[in-house]
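Let's start with one chain on its own, the form predicted on its own, as structure tokens.
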Amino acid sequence: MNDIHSSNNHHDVIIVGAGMVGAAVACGLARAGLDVGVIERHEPQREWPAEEIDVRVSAINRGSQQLLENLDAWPGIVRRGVQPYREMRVWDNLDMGDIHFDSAAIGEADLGHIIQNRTIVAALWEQMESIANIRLYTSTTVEKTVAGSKDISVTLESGEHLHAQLLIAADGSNSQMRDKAGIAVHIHDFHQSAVVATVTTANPHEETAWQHFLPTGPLAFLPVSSTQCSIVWSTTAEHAVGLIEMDDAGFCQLLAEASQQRLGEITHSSARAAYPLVSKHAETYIGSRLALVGDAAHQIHPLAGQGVNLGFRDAALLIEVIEDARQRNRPIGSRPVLRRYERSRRGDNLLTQKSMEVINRLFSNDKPGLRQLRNLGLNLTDRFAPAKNFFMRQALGMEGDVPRLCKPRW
């Protein structure tokens, strides 16, 4: 446990889980003047060899970048390494449908950055540990919670008793806090697995994200360094097992063929990992003195790389709602206050989730009628600049009702 901060076990807010989204919420609330307790069993990795790239990466859009800049975490992220991507190319299996997105068309320097998850976490923890009104409880977990009329009490596995006006669950897609609160989850099984690895290609990636829709699921190449790409290959569970078990040479050859050699031969692959693909959505984002954020509230298909961006938008909006409630002298853990957060975020997240399910279903098959329809759609969209520009601005996370922390400071 980190004892450098106050020994008082009464906090304004307690956050369970200090991954990317939980740590962002902690930094934002503490900077707004709240006393924050953060519970996280595992301290993050702080250092690793400069040339080593982890297979867990995220595509961070402009809105999320602004949030991280406003939390003063962005310089620490850049220092550890980021890779911008300026273009995106998407094409269908038969090479008949093709769409090209270019950030220059909307006057932007890039469409986002591909960043290792551990880089983001390390930079946010660096900020958390520098803020006096954040207390970290590590190497422990929550054993029990009891919500009362004025506060919520939390008993830790270590035996400590904490109190706060509000508990925020940022403990991932298998959230124990969500389960303890009895909040149901709707699950959609894609009957796919995602195979992830870091690969080196013969041809340069040209600061471009490449996505090929195959009958079994999408294959994405995301640039993570000047010479390497992170791949996310969504496919059947059986095929995924085969891809994990085959030797490196066989995997590299199959990967090059699956990408139609758009980046040439695959000259090297890291160790591979696979995980099953499901989407989840909590029936409600709020409970008695409880709010869910990030994967604890929703999990989507990775084909558009929007998962963590939705989580960061949750974080920014929840911080805004709590800050506004404090300024109006309203209880931050009350249901009316938390309902504003849920109303704003649940619809947006659900729409994105369902859209990913439809796109995956539309492209992950080889039915002739659908194949012609989607190829026509890709080609028409590619030729219609206003539509392409709209999609790019949406993906940047700067359209619609953008939370204050996802906007530039000026």
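Source: prediction; values computed, not measured. Residue positions are given as counts along the sequence shown, with the first one as 1.
This protein has a second form, the form predicted together with a small molecule, left out of what is shown; the following refers to that one.
Only one segment in the set 239-247, 135-143, 70-78, 159-167 has residues whose heavy atoms sit within 4.5 Å of the small molecule in the model of the complex; it is 135-143. For a residue to qualify, one of its non-hydrogen atoms must sit within 4.5 Å of the small molecule in the model of the complex; all three of A18, A59 and V308 qualify. A heavy atom within 4.5 Å of the small molecule in the model of the complex is found for exactly one of N117, T284, S288, S269: N117.
In terms of contact with the small molecule in the model of the complex, the residue from A194, C252, M88, I183 that brings a heavy atom within 4.5 Å is A194.
The small molecule in the model of the complex comes within 4.5 Å of no heavy atom belonging to V36. Contact check for H42: a non-hydrogen atom falls within 4.5 Å of the small molecule in the model of the complex. Taking non-hydrogen atoms only, G172 approaches the small molecule to within 4.5 angstroms in the model of the complex.
Although the partner is absent here, G294 sits close enough that one of its heavy atoms falls within 4.5 Å of the small molecule in the model of the complex.
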